[in-house]
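What follows is one chain in structure tokens, specifically the form predicted on its own.
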Amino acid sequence: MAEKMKIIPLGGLNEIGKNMTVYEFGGEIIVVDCGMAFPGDDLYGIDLVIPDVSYLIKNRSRIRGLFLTHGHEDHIGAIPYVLKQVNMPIYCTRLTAGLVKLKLEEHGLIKSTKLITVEAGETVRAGKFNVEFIHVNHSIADSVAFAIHTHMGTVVHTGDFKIDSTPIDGEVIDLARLGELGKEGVLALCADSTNVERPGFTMSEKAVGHTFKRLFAGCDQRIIVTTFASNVHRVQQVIDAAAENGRKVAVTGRSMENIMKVSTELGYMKVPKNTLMDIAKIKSLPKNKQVIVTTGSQGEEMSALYRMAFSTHKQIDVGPGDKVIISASAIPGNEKTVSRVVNELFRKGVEVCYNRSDMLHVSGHACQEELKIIHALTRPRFFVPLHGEQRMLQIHSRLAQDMGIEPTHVAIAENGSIIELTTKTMKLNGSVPSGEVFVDGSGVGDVGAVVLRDRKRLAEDGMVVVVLPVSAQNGALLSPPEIITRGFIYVKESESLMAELQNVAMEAAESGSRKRRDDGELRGTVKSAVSNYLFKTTKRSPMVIPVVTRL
């Protein structure tokens, strides 16, 4: 019986976000990443989406650890929710650990969680797995790929990466180690497919620094820069450009303040002396001496930039004499909210720099040529594209085949697929429970399809409540039904419709009151009469809720 390794992606396939992959060998399990996704517009009131981990709960005794590639939300966002269901030790690099710690503190999980920091280049022994941490470049510092060694072979899991030959911290992705692994023999490669549609190479992070210097030089306005808080190197470049031009820097927005604190404490951000100032104090300086770094690059409603644009920010009023630089691209789906903020800033007379062609932002993910380099260096026998929508996974699989991998050695999987490897074969063999779990407030998973269907209907058509006062003795109506509506019509202007509704409800209630056995039947009769009438007259179908009160 040949030994088998299973690779089970629980998230990150056919979607962008909530990345989570399970590796299983010799009866033991390790988990790589534990991310969340943002809810689409159709998920009313949902705060975030996390992977379904029922497979891990069922096999909790076999889990040897959770390994994190980097500190982005789509790789660490679900940790507090998952840990409450299944506790496991966490292994990650220093900056990632700093960000995870913030989450654990917020959820009161610090004491119960074992958090172990590992440096790139080190190997962790976890049961029958030896997990080697390999430095890569990405849009957050301290990112790693993993070489997962077992005595059946080695799997390279890239995590999110790009090849940046001039990174800000001077640490280029460890291509030499990936090449060595390729020489020793790589059983399978699991790689990031986010940018596989883009030809060529991803530009270096340094390119953005040059843009900043150009925009800062000789500028008389106050400069406000927004970017992803987690992009420590981007913020570093803003600070450097400010210091070079004799400006002071203030930070606003909770996630930006958190990240600054963590990354300066851990030494990932080097702030020149006397450059940082408190946001309340910086206002006394002349405009051309100020730089403000803020959250809100995605136009999020509660973010600092949004509040500035809509005049609700406590410290900062923007207007003519301000230059806002948006150093980020809109995540697919956020284009509307971003353009709303940009329009509002324009309306206030602010100069906004947001052009794609102006090198204000570079991606953190590898494009086609970089992916080819990784394939060429690791020379894997089998290939699993991860981290992308269907078209990305397929294009990545084609790219691998162009590099000489046989079509039968590539697996395009779904979340929950079990990819079974022996040293010679690869096959998709069944699946485990997987899917989306919704987090709403403090409830995890208690809002499902049924509740969401109701929310959708309430959002689209509103509701009508019909209160029926009935005699406890003989079940006859004691007075005309009372009708309460929410989100359906403005009652004061629709009195005739309300009166008509009352009649319809009354007729329905009285029509069979002699033969009726219970309240359920009465509710049913009234509900269908009212619904039908409303649809006929208004072409809308609000949720109708009959309430029977026995007096």
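The shown structure was predicted, so the numbers you read here are calculated from the model rather than taken from an experiment. All residue numbers are counted from 1 along the displayed sequence.
If you look for the form predicted together with another copy of the chain, you will not find it shown, but the lines that follow are about it.
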Among 250-258, 272-280, 318-326, 476-484, which stretch sits within 4.5 Å of another copy of the chain in the predicted complex, heavy atoms only? 476-484
Quick one: is H313 in contact with another copy of the chain in the predicted complex, heavy atoms, 4.5 Å cut-off? no
At 4.5 Å between heavy atoms, is P469 in contact with another copy of the chain in the predicted complex? yes
Exercise: M543 in contact with another copy of the chain in the predicted complex, heavy atom 4.5 Å: yes
Applying a 4.5 Å heavy atom distance criterion, does G45 contact another copy of the chain in the predicted complex? yes
The listed residue (L187, V342, L104, C367) that reaches within 4.5 Å of another copy of the chain in the predicted complex by any heavy atom is V342
Of V118, A97, L181, I395, which residue is found within 4.5 angstroms of another copy of the chain in the predicted complex when only non-hydrogen atoms are counted? I395
With the partner absent here, would A2, Y91 and F216 each sit within 4.5 Å of another copy of the chain in the predicted complex, counting heavy atoms only? no
Heavy atom within 4.5 Å of another copy of the chain in the predicted complex - qualifying residues of 4-20: N14
